[in-house]
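Shown here is one chain on its own, the form predicted alone, set out as structure tokens.
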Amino acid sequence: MNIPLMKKAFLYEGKTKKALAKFILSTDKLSMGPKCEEFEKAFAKKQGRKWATLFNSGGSANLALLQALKNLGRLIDGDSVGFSALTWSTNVMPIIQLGMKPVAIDCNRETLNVMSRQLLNRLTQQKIQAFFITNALGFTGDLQEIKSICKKNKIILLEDNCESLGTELPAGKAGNFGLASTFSFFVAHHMSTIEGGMICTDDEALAEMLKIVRANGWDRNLTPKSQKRWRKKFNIKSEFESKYTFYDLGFNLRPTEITGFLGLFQLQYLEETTNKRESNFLNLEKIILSNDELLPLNHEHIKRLSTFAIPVICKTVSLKAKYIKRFTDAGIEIRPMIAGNIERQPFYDKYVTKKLELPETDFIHDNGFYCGNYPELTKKDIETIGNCLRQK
């Protein structure tokens, strides 16, 4: 493969691995501890949120977020939860796994995301209690308008921002419009901790519950003040008794100190990687705009693009086959457009009987694919991708 989906596990991989080796040799603890907490604080500050909770993956973060909201009574069994029809499996699976009803909301072919008009259209047909939106591939919908609609209709807005870390709208950063947002630090994402995820929120009660959900349902990772409150509520009379007291439903979704160390180390390069990803995309977009066989993406509502990939939307299915062959012949690794229309996935068909009309998402599913975008792409790599995007 001449141009793989990703070239390195980390930006500045040699430097990162040397630092990691030194850390492993010098630390006394590798299970979740102070380095994870240090990364949480640094990431929350960088994102501009009050609290951040680190997990072992972005998928775990999605699961924990919905469980925490159920534990708090803000969502209950049978609630309808909207989601972006163009998304990743672990954005939707927790809705089903936790006994709620998934409601697909169509995505716009020109933005790859749910726009406010798509949300309003779905709300004329069905009421939802929450909307777990996916900010797809570094792009977003008109999140400020979506936030206003959710507030007006008393809908809990959540963001899966795993693919759009660093993207900004005039009204703020992607991931800062909902009650909470999830992030992924898997190797192919904007920053890597090998495996890892995060939830950010400004809601103190939710942040506290996320720590309970993350670690078995106990209180060990709460502040002393919070521990005292929980123990008093349940009449836990000693420190000894508290060690194995489980207050609410949880999992073991804990990261390791390796995750915390790598997160802190890679966070220093986030601005650089965001700038490079945006530059790569904008350079290739010029070629897409000159090709009337391809559909350009509309990102006029976005101030800063931190693209996860280079999306290619062909105007017909036959053109998609043509461009897939061209990319493949050039040795460029490509992928379907995320999971496509999630309703067409086997797991969804098995567990959800009610299917909805999603014409725009179907168009993206049938006509789209993407290749990787990352700082390690060379000038020659960009030229190769550009040649594949040119109309011939």
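Residue positions are given as counts along the sequence shown, with the first one as 1. In this text, all values refer to a predicted model and were calculated from it rather than measured experimentally.
What follows is about the form predicted together with a small molecule, which we do not show.
Stretch 161-169 is the contacting one of 225-233, 296-304, 249-257, 161-169, since its residues have non-hydrogen atoms within 4.5 Å of the small molecule in the predicted bound form. The closest non-hydrogen atom of H189 lies within 4.5 Å of the small molecule in the predicted bound form.
Of the heavy atoms in G175, none are within 4.5 Å of the small molecule in the predicted bound form. Within 4.5 Å of any heavy atom of the small molecule in the predicted bound form lies no heavy atom of S84. The small molecule is not drawn, but in the predicted bound form it has no heavy atom within 4.5 Å of T361. Screening T90, N280, T273, T111 for any heavy atom within 4.5 Å of the small molecule in the predicted bound form leaves a single hit, T90. Between the small molecule and the residues Q47, Q67, S57, N341, the one pair within 4.5 Å by heavy atoms in the predicted bound form involves S57.
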